[in-house]
Each structure stands twice: as structure tokens, then as C-alpha cells.
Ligand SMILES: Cc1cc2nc3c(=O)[nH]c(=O)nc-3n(C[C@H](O)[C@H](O)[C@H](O)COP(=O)(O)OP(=O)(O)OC[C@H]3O[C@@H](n4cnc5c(N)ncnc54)[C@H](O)[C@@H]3O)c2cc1C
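In C-alpha cells, the next block holds one chain alone, the form predicted on its own.
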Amino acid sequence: MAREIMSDADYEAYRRKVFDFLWREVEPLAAEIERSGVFPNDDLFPKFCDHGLWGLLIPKRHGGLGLTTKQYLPFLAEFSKVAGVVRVLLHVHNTSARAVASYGTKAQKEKLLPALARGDSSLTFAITEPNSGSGMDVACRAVRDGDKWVVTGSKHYITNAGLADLHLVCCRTGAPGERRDRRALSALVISPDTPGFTIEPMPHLMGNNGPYHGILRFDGARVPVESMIGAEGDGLEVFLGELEPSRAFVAASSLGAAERALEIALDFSKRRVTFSKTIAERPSIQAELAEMARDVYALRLILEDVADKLDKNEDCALEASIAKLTGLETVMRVTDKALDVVGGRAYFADYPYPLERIYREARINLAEEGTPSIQRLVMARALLDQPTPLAIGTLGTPYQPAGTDPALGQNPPPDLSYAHDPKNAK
């Protein structure tokens, strides 16, 4: 079935409607949500539903809006500008729904996606474990017993654990010793009312408090076989296949927070007067603002390229990890510089700007979808597998004339052993 894409005019009207809602009705609540750690579900969840925010990535035929990646990223950026906790909540919900839309069976899509699009149901993305990483060494096990999978193990850092009625859980279904077998992992949808499944809250977060991050514990939890998303052994594809777009999603979140910090710094610098002139007139402040603008603009251009590749279903593991790492480094640099511009007032909560909160909220991007060291590892591996000339550094379609090499030109390959260097001859 051909994908239904929202027209440019309809998209722009919808974007403006949602942004009006975010700034007029959500942004004023952000400080209190952070202070109390309580999310106003009864107030905001129905409004999220009215604005279609639960179904942004769910296809129209299943009740969602079916936004492209390029259309979706501006919403994540705006969520981050307004309230990081809203971004975290909706990011996880929509990413998990996207996994079902991408890998679920027809029956699973028809059963799960309409409820997810309405906000009647929510799904977590449970891969990370206390004593394992988030990839090949997953230890949570699922053993087949007739028409059930018996699940034992635990997950942590699971966003929306307290509000979700379903959990997408990565389990090891292969033999115990198959730690390097890509086909040893599978994805199961598990309900919290399953006997043997308990949820515990994690400690208070640095930021983005509201829907808590939880620990999922499975002690012989019995799950129907039809709960598996994709086939047995597809777990790594289901979870890591969603990490490429999700890394771009986190980078867009970094962009939004960085842009808000830049806007705060600009506004404050034009208002703050010392020695009879605004600090915006001082070269040192101008230099800070210029560097912040450079970072924000560069990240925006990276994201536009990655979104285009994702929408074309092009392989972009390298570019997605570059976007995620650049986003993190950008938001950290920009928020640091914004604190420098605003000075002591930035250290107070919501006085006169929410910079202190945005600073804390953005630090969650460090851990989401892989730490900086993980991104560098993915980038290096993907880079070493790239054909030459490199597409990431080429304006236009990569092309190399026959008989030449992008590194050597027309020179022969070097003998790095110096075996034939006349200077070493005896």
C-alpha cells in the first residue's frame, strides 16, 4: 500500500496548531512539573490526543498521522524547547509505536497501532539492562514452553514504565552461549499485569521528572507466543533497526534545547546593561553568540541530510551516529555558553529564564540511544566499511576518475614496510 503523506499546506497548518498549543498550554506548566515530579496526565493526555501527538509516526491507515522523518523532527525540537519531559515521554511512545509499524505482523498492527495512536495505550522500549549493555550481550532470557515464552531477567532506565500498559522487551531466545549470534535475540510485547512481572521506580532524575524511569523485573513471566514482534531472532533488527532513526530523533531534541538556549542568551544580552551599554555590544559576548549560532546551524544541516536519507530508506548508520554525537556536543556547548552569557541569573530555577531547567533536561541526551563512546564506535566501524570516495564529504554524487585514488591521486600505494627503500639497502 502506498504511503499517505500529508500535504505541505496541511502539514504547515498542523505544525502551527501544535506549536500554539505547546507554547500557550504546555510551556507554562513545565517548571511546576519539574518541581513536583508529577505529570498532569488528566489535563495534558487528552490534549495530546486531540492534537494527534500519540500517533505522529503511526500510518494513517492505523489512525495516526504518518509523518515522515523530516516532518517529525521539528516537533521533537519544539517539545525540547518547551518542556524536556514532554519530549522524553512522546519520543519513547512514538519510537516504540514506529517499531510495531515497521516490524509487526498485520494482525499485531491492527490490534496495537490504533490504540497507540489514540493514546489509549502506550508502549515502552525496553532493551537496557543493569548488568549488560544494550546490544549483543542482552541477558534477559525467554524460553519457549508450549504456547508461551517464559521470561526471566530485568531491564532498567525504562522511560514511561509507570504509565505504559505494554512493554516492548528485548529477550535472548537463543542458546545461553550464543552471545555473538545476531539471531539469538527476539522482541516481546509484555503487559504489566503478567504474573511474574513487577515494576520498580528508579531514583529521582537530574531532569525530565514526571513519568518515571523504571526497573522491569521478570521472574518466570509467561507470555503468549503471539506477543513476539517479528520472527524469532529478529530482536536485534527490531531494536537496533529503530536506533538509527531514534538517534536522529535525539539529535533533533538536542537542536531544540540548543536553539532555546541561544534565544535566551540573545534576549538577555540585549537587555542586560553594564557600564551604560548592553552586554550584546561587547566583543566577548558577541563571540559567544556567534559560536552558539554556528553550532546550532551545523546541527540543523546535519539533521536535514539524515532525515532525507531515513525517508529514502538509505543506510545511514554513520550519519545517524554523527547526528546524535554532534547533537549532544552541540547542546552541551551551547547551554554552557548560554550560562556564561546570562551569568548568575542562570543559576536560579526559572529566573528570569528557564535556562537552568533546559541545561539539566538536555543532559539526558548523553545516555539515550548510546553514549558518546558507543557513537564513536559505530561511526568508526561504519566509516571503515564505506566505499571511497566518501559520500559524507562529497557535494553531489561521489565520483572518482578511473586510474586515480581519493587518497593517493595517481601515486602508487606506499610500501609501509620500507622493504624496497634504497636508503635501507646494504
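It should be emphasised that the depicted structure is a prediction, and the values quoted were computed from it without experimental measurement. The numbering used is simple: start at 1 and walk along the sequence shown.
If you look for the form predicted together with the named molecule, you will not find it shown, but the lines that follow are about it.
Heavy atoms within 4.5 Å of the named molecule in the model of the complex are found in exactly one of 343 to 351, 122 to 130, 263 to 271, 315 to 323, that being 122 to 130. Taking M379, V26, I364, L67 one by one, only a single residue has any non-hydrogen atom within 4.5 Å of the named molecule in the model of the complex, and it is I364. The listed set A280, L205, V189, A115 contains one residue whose heavy atoms approach the named molecule in the model of the complex to within 4.5 Å, identified as L205.
In the model of the complex, at least one heavy atom of Y157 sits within 4.5 Å of the named molecule. Although the partner is absent from this view, I374 contacts the named molecule in the model of the complex, with a non-hydrogen atom inside 4.5 angstroms. The closest non-hydrogen atom of H213 lies within 4.5 Å of the named molecule in the model of the complex. Contact annotation for G370: at least one heavy atom lies within 4.5 Å of the named molecule in the model of the complex.
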